[in-house]
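Consider the single chain below, provided in structure tokens and representing the form predicted alone.
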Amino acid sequence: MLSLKEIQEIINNAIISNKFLNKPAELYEPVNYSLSSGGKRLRPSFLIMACDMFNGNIQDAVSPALAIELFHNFTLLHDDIMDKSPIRRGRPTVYKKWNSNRAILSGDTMFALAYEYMLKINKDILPDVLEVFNKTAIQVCEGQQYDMNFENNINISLENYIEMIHLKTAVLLAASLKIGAIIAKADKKDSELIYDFGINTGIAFQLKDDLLDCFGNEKKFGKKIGNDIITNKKTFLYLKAFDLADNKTSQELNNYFNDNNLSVDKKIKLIKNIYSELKVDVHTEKTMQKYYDKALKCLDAINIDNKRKAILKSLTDKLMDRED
């Protein structure tokens, strides 16, 4: 079994050896810039890890892993434009460094390149892999649309939010694992189980991100705490607070979120105080753990030796306990 470090080295080497030096340079510079910005490389790592877990040929998984990373970064390029995000991984986002038109076009190119690399897999499994990949690509776009809908929709339930992050975040993690299993020719039941593991883990991860954005350690988190509060983003914490609050507290929350005269620091402090009084952080942690427990049941049911599952479980345990 490969270690996480060895898997990440495989992915990084694949990215370095597949630099896009095509012309026009203006189209491909943002592609290379995006891929070189680092990040956890979690999705391609999951793909290779799943392939290795089921005794597959790692070399067969490299191009699909690169395809997943290209697709993921394509979504980030477009998301940053829609969300007006100036910074990504500590660097200017592509549309800020260049402009929106170049970011859109380069993102579209990354989407096409993702398919080009996915098509390099063995032809006998190509239909099964493309079925997963196509479905996932559509679902991620559906999730992003729901996320944008939430900006102007005041009637959002916690169930609506879970479904949105299921689509926007969890399905790509799950698809990465399932594609790795398909490449290794795992049986259908085990492929579905590792997909369900990815879905529930992905939801838990996003809830962890929501929690860290508000209650994380700023030095460890690497960015200002409370960005979701500043931008009035309807996260799990936001929705749970209104779900738990009485009429008076709901009105206070609503006033704080909509008061443009409050300083950033005061707004964060006032809303965090209410979150703490309502124990929103505790409720978020319980929900997060509920989904991770469901994920671990799926992993436990996979019909292979537990030793072969250990690296995947160790990685997801660390991500659940992370502070950044």
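These figures come from a predicted structure and were not determined experimentally. Residue numbers run from 1 along the displayed sequence.
As for the form predicted together with a further copy of the same chain, it is not shown, yet the points below apply to it.
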Check your understanding: Considering H166, H78, R88, K208, which brings a non-hydrogen atom within 4.5 Å of a further copy of the same chain in the predicted complex?
Key -> H78
Practice item. Identify which of E192, D213, E252, E142 has a heavy atom within 4.5 Å of a further copy of the same chain in the predicted complex; exactly one of them does. Key: E142
Point to revise | Check all three, M288, D300 and L315, heavy atom within 4.5 Å of a further copy of the same chain in the predicted complex | key: no
Exercise for review: Name the stretch, out of 168 to 176, 228 to 236, 198 to 206, 100 to 108, where some heavy atom lies within 4.5 Å of a further copy of the same chain in the predicted complex.
Suggested key: 100 to 108
Review point. Should F74 be classed as touching a further copy of the same chain in the predicted complex when contacts are defined as heavy atoms within 4.5 Å?
Key: yes
Review point. Should K23 be counted as a contact of a further copy of the same chain in the predicted complex, where contact means heavy atoms within 4.5 Å?
Key: yes
Review point. L126: heavy atom within 4.5 Å of a further copy of the same chain in the predicted complex?
Key: yes
Point to revise | L113: touches a further copy of the same chain in the predicted complex, heavy atom cutoff 4.5 angstroms | key: yes
Revision key, fill the gap. Applying a 4.5 angstroms cut-off on non-hydrogen atoms, the residues of 117 to 150 near a further copy of the same chain in the predicted complex are L119, K123, L126, P127, L130, E131, N134, A137, I138, C141, E142, Q144, Q145, Y146, M148, N149
